[in-house]
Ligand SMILES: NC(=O)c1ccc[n+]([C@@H]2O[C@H](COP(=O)([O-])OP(=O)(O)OC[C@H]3O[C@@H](n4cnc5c(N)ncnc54)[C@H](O)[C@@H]3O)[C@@H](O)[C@H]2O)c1
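This document starts with one chain, in the form predicted on its own, laid out as structure tokens.
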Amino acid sequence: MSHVCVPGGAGYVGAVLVPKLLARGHRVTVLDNYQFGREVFDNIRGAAGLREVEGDVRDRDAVARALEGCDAVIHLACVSNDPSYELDPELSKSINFDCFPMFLAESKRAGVKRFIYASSSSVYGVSEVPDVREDHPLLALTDYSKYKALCEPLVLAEQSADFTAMVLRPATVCGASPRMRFDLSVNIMTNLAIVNKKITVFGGKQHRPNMHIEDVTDLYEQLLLEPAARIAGKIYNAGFQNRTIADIAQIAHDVVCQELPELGPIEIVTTSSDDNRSYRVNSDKIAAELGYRPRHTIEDAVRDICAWHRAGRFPRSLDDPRYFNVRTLKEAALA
């Protein structure tokens, strides 16, 4: 088993990934500034194998401390999503891109043998191609996507016999997490259906690839365990269901009505949008080469969110800033 450094490990995906890695026998060091709260790890804090380094990915000393003794990195840290990035583009660039060569250099200096970079399927931007594969041109429409794309060749340039480097381009993740986000398409529509009994669809015809949080976190662990030769220098799409925004709204509507019938009728309202991102990713490569196939659907994600709502795990889910990246970052800037 490995000792994994997870920068950004207290985020939406990391909050599910870190406990999973610990449960499966890995040691984990989390590097995070805990901007969205420290309570995300309350249930596992002090667990054998967990080490937490509170710090910034731009701080070389914090990075060096976090990497000490680690043989693998799953790099999740970034200012995530376009509105959050655009609050302060220079600050965001410093976190998502400018410090990245330093992090790679420190990883190699620490003796890390495997580096898994979490890019994004948003690097494809807009495409009418029905199946966007890994060799499709990158047409990033935003700075967030642009700097995700620019980090990829930096990772792959470090590939060597003793440093296995690879890039994953996950689809938009959905489902319940201890560090919940209600600013992702499936999650926000489900939340609106439950709390407001009304889903607002912006546009509707745009295609989005989706992936359940349990599937993407299972995949990260698989990538830790794969023989180096199978993943070295590779780029993989990781998605499951390509659906239009309108389709996602209908799924959220139908599943919430089924799971929480006491809510009564739920309305879907469609309005215009200037968000033109639309693409459908093909994940045949990772299935063929690594045998990886997701097992959870959008419907499963909606059911999970309904269950966590029913259990009272998402209080004030429409107005608490901790569920929304941009709101939390705005509050931090004003503090």
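Predicted model only: the values in this text are computed from it and were never measured. All residue numbers refer to positions in the sequence shown, first residue = 1.
This next part talks about the form predicted in complex with the ligand, which is not shown.
Contact check for residue 294: no non-hydrogen atom falls within 4.5 Å of the ligand in the predicted bound form. With a 4.5 Å cutoff on heavy atoms, residue 116 does not count as touching the ligand in the predicted bound form; it lies far away. Within 4.5 Å of any heavy atom of the ligand in the predicted bound form lies no heavy atom of residue 189.
Under a 4.5 angstroms non-hydrogen atom cutoff, the ligand in the predicted bound form lacks residue 308 among its neighbouring residues. Screening 240-248, 76-84, 196-204, 106-114 for residues having heavy atoms within 4.5 Å of the ligand in the predicted bound form returns a single hit, 76-84. Exactly one listed residue, out of 235, 140, 223, 184, brings a non-hydrogen atom to within 4.5 Å of the ligand in the predicted bound form: 184.
Heavy atoms closer than or equal to 4.5 Å to the ligand in the predicted bound form belong, across 35-50, to the residues 35, 36, ordered by sequence position.
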